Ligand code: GLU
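Quick setup: one chain, the form predicted alone, written in structure tokens, and binding and motion questions come after.
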């Protein structure tokens, strides 16, 4: 007789289509070592090292003190949706109404819900490589087919309209664009973006625009696909306050889309998280509607850290690296070390870097490439000095 305790557990097929987020797995392993007393240099976390600005924290505290701690309407209070559409209109010339905005528990939820609403079993989704770790898994969870679009390291992993057009098939339902990108910091040209918007709109393909790092564009003026108001029907802007305002732990994100898409995003959210945290919505209003001076200050500091990190990596023989034009990562090529010291993959190299040199990085396989590691550089210059020194000494020992 089989008892309940000895019965095999049976999980759904869809949960087997995804893996634990690689960045979260790296963070968990690093936390274990840190708890054991290891002195780590952490280049793994994809978040600013700045504290959340005071005026944003003050708004949340004031909301709590005023007992603004109850349920709100699912897509967010009118004030936060108004702040979202006005900020985006001011910065990018978009034209969304409050009913075309939804506030979510982080930008990742906006993306997850958008894919669940738009992508059905067998639908193809074009995904440029390298890609942010969660894109592929979320598409697969929805039953969609990921169509990987390779980019050239020699061209800074740029996405072009020509390449997108060649990848489109009759089954293409959506295209995901992330510019500036995680992990390589590549930036799409305004001309290519406009051509892709035309391609998608004319063919009835949804364009999912991950604009998490849109304000961290070091190549020129930030550009949003949401500015092409004539294509609103097929555009979903996915935004986040996490990187722009140093609010990663607050879980504050949003989507801008047509009324029909937004209504369905809200319907799905009503059966999952319901509203995002009430007092976080008040903090988001302060962030979006208040002074944007902190955004400029963060951006200037990130540019300085990028250049400092690139200079230090350039001192390590065998390591090459493209110059990112946005976000706050570098994506060095460590292919010269594969096959040395028994290391066959970037994952093995990152694992040994963590355990032997106590430097936290994320392996390139998580982003779809085999010869890279991702380094997040929002840290002190002293940490960059120490981390790159340890990396250089570890790599020099490999034979």
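Residue numbers count along the first chain shown, from 1. As the structure is a computational prediction, the values presented were derived from the model and not from experiment.
There is also a form predicted together with ligand GLU; it is not shown, and the following applies to it.
46 is the sole member of 46, 363, 332, 368 with a non-hydrogen atom lying within 4.5 angstroms of ligand GLU in the predicted complex.
For the residues 250, 206, 298, 132, the 4.5 Å heavy atom test against ligand GLU in the predicted complex is passed only by 132.
Shown alone here, residue 178 lies farther than 4.5 Å from ligand GLU in the predicted complex, counting heavy atoms only.
Proximity of residue 108 to ligand GLU in the predicted complex: non-hydrogen atoms within 4.5 Å are present. Contact between residue 213 and ligand GLU in the predicted complex is found at the 4.5 Å heavy atom cutoff. Shown alone here, residue 24 lies within 4.5 Å of ligand GLU in the predicted complex, counting heavy atoms only.
Shown alone, this chain has one stretch from 353 to 361, 56 to 64, 38 to 46, 338 to 346 that lies within 4.5 Å of ligand GLU in the predicted complex by heavy atoms: 38 to 46. Using a 4.5 Å heavy atom cutoff, 182, 243 and 374 all lie near ligand GLU in the predicted complex.
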